[in-house]
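This document opens with one chain alone, in C-alpha cells, the form predicted alone.
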C-alpha cells in the first residue's frame, strides 16, 4: 500500500517534462512495436524505455522488475499456447498426448517470439508513462483533447476511490487475519466472500455519501482540473543539471 505507481511518478524528475512529449514518445513506441514484423524493433524499444525509466526516471530496478513480472506471467502462458498451436513449417520438437501430437514448429516459435517482443515493448512504454506522469496530469491532458467532461470526471472518481477501497479491503483483511480467518482453505474462502460482500456494501454507501457531499457543495456537473504549466526549457535544464533541482511551473486551471 505504500508503493504505488503514482508515488514514483510524483517523485520522478521526468514529472516536470512536457506531458505531450512523453505521450507522443510512448505512442510512437507502441505503434512502432505493434507494426514491426521482426522481434528486434520491439525488443529495442523495450530496452530503451526501460533504461529511460530506470536512469532518467530514477525508478528502483527491483521495483521495476517486480512490476514487469505481474503481466509477464500471462504473457508467458499466451506465448506457450501460440508456439504449440499456431504457425507452420518444420517441427522442432513435440510429444504425444492421448494420441494427439503436440509440437512446436518454426512458424509457431517465430510468432511466439514476435508476440512476446511486442507485448514487452508495449508494457515498457506504458510503465514509462505511468512511472513518470501522475494521473492528475494525465487527466488534464485528456481535458485538452476535448473528451466529454462526464467521461473524464467519472475516470477521476474511479481512480480516486480505487485507493480508498484498497485501504478498506486491507483493513478488513488484516482484521480477519488476526482472527485466524485464513488458517485453512474453507475458512479462507468464507473470509474472502465476507470481504468482497462487505467491500461491495461499503462502495455503495460511499457512493451515496459522495453524491450528497457534492450536491451540498453546489456541484453543477463540472469539476475543475489543475495542471502544472510546463515550458520547453524545463526539460533542457533537467538534462543539463543532471535531473536535479528542476523547478515547478505555475498552476493553470481549466
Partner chain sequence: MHIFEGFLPSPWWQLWFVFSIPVIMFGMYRLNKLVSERRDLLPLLAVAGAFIFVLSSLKLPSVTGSSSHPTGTGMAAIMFGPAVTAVLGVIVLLYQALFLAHGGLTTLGANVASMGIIGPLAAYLIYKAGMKANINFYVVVFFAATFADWITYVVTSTQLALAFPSQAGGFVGSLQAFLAIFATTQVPLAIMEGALTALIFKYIIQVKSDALVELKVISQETVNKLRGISA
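Model, not experiment: these values are computed from the prediction. Positions refer to the first chain, counted from 1.
Not on display, but discussed next: the form predicted in complex with its partner chain.
Interface residue remark: residue 110 is not counted as part of the site for its partner chain in the predicted bound form, having no heavy atom within 4.5 Å.
In the predicted bound form, its partner chain lies within 4.5 Å of some heavy atom of residue 153.
In the predicted bound form, its partner chain stays beyond 4.5 Å of every heavy atom belonging to residue 143. Proximity of residue 44 to its partner chain in the predicted bound form: non-hydrogen atoms within 4.5 Å are absent; the residue sits far from the partner. Residues of 116-145 lying near its partner chain in the predicted bound form, listed in sequence order, are 118, 119, 122, 123, 126, 127, 129, 130, 135, 138, 139, the criterion being any heavy atom within 4.5 Å.
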